[in-house]
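Quick setup: one chain, the form predicted on its own, written in structure tokens, and binding and motion questions come after.
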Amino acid sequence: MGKVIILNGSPRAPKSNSKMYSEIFVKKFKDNCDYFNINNRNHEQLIKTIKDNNYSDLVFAFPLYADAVPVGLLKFLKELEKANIENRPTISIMINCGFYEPKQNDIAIRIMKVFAKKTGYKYGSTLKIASGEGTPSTFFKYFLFRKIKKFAISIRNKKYQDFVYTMPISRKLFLKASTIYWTRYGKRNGISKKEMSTMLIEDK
């Protein structure tokens, strides 16, 4: 067992699903684990923290944005690439998206693996979460929490693996349920289903 730092790369980190999943990770890891949110002002401090604490593992938790990695996280990775860190931790990632298909996360995962390879970091485990936006409000969250536990244990025991989660329902049922969810969400914010269906959001 070693010491882990988990960094939340979500643009809305303090109120994000990535934060909730990270908190579950910390509980399931049951060892030395530090958690921080990434923002535009703390890159230098986070890198100093990584240098000073000799972490064995670095976990990035973040949502899928435009089929890739959030811009704020990309900016941090650029700074991390330039940092002179002698004992580089093994990088693992916990990525979530709102799509039904886990494969939607694959491009972002490849980006992170390329970063690790080019900068001399070892790559560890991956937890690929689909339907992550709707899961926390359903009973299915307990299936996801078990996946997070397995993900945490794989890092704690240095037996790195890939894990995948999506709602254990059919695609048809998922689409029906997600349509109801987002229609109600839009209504609460004064947006009709018709308005949500148009591509002309700039004219709103």
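Numbering starts at 1 and runs along the sequence shown. A quick note: this is a predicted structure, and the numbers were derived from the prediction, not measured.
Omitted from view is the form predicted in complex with a small molecule, to which the following refers.
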**Request:** Note which of 80, 97, 109, 116 lies within 4.5 Å of the small molecule in the model of the complex, where distance is taken over heavy atoms; exactly one does.
**Result:** 97
**All of 23, 126 and 153 with a heavy atom within 4.5 Å of the small molecule in the model of the complex** = no
**Request:** May I ask you to state whether residue 140 is within 4.5 Å of the small molecule in the model of the complex, using heavy atom distances?
**Result:** no
**Request:** With heavy atoms only and a cut-off of 4.5 Å, decide whether residue 67 touches the small molecule in the model of the complex.
**Result:** yes
**Prompt:** Would residue 12 count as touching the small molecule in the model of the complex under a 4.5 Å heavy atom rule?
**Reply:** yes
